[in-house]
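Below sits a lone chain in structure tokens, taken as the form predicted on its own.
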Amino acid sequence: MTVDNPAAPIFVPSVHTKFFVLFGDPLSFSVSAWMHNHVFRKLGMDCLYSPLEIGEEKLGTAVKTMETWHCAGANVTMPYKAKVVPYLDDLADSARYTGVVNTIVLGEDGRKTGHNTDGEGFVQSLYSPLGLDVPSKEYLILGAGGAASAVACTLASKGVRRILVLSRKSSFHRAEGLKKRMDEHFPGVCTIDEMNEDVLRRAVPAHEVIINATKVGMGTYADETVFDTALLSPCQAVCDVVYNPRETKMILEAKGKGCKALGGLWMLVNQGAEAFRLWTGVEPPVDFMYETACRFLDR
């Protein structure tokens, strides 16, 4: 990419260029194209990543015809992570466990396999940079949407034995669906409860790792936290899936309490790195991806 260096040569696609896309709507906020294209240029790869903002009525056609426009793989974001599943040929365990897809790999035989790298990306950030002994901890996940499902399933696949998922009454059916999927693959690991002040007051101090998998902390919710951070103690770790801002109000207050704290940017970077490996078979420069994502957000 040339945005931050106008003197750099312009990348011109060739007939051999492999294209990667992001399916979603809207996409103006996405870091992915900026991050992946910087990596392609750094590694000298003849590849180009582009956001493809399309309506739902065009999703099936776009996925089914990927190979005709030299598309070697794709990411999928809201609102299509579940809606894309019927257009795929296979699902990896990561997608089968969660019921949602964020990465499509196009095989040499033309078959399209759906993966979910969100959970792996998040859990890798718990290992590094947070430095947790992941399987030994007990986890509290706030929210029961796609991110929560990916995180919970991946934690269970790493050997975690106790996860409590809390969801608001208005969306409790999501928690019930998440628990049903978890029980099919990881019986006995997941319990659920309603997310209200009384439950939070008991649950937050009782868990070693608290994960916010809701939208609270970003956009119109930037000045809010899901729970009263006065409930925290320094022995706990607090994590967020929100990456913009890089440090939400919850993360800042958790740091102020002496907790280990981690925003969602490392999850974004690590899930992108895992997608990159699946598409290319190449190990990406993860630290460089993080630095590049930071530059995007700082703009």
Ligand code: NAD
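Sequential numbering from 1, following the sequence displayed. Note that the coordinates shown come from a computational prediction; the quantities given were computed from them, not determined experimentally.
The same protein also has a form predicted together with ligand NAD, omitted here; what follows describes it.
Can any non-hydrogen atom of Met218 be found within 4.5 angstroms of ligand NAD in the predicted bound form?
Taking the distances in the predicted bound form, the answer for Met218 is yes, it comes within 4.5 Å of ligand NAD.
Ala222 within 4.5 Å of ligand NAD in the predicted bound form, heavy atoms
Contact with ligand NAD, no.
Arg174 versus ligand NAD, in the predicted bound form: is there a non-hydrogen atom within 4.5 Å?
Arg174 belongs to the contact set for ligand NAD.
With the partner left out of view, is Cys47 within 4.5 angstroms of ligand NAD in the predicted bound form by any non-hydrogen atom?
No - in the predicted bound form, heavy atoms of Cys47 and ligand NAD never come within 4.5 Å of each other.
Which one of Met250, Val242, Ala273, Met35 is close to ligand NAD in the predicted bound form, taking close to mean a heavy atom within 4.5 Å?
Flagged contact: Val242.
Partner-contacting position among Met182, Val209, Ala144, Ile163 - heavy atom within 4.5 Å of ligand NAD in the predicted bound form:
Flagged contact: Ala144.
Based on heavy atom distances of at most 4.5 Å to ligand NAD in the predicted bound form, which listed stretch, 165-173, 89-97, 183-191, 201-209, is the contact stretch?
So the stretch in question is 165-173.
Going by heavy atoms, what in 186-216 lies within 4.5 angstroms of ligand NAD in the predicted bound form?
Contacts from 186-216: Met195, Ala213, Thr214, Lys215, Val216.
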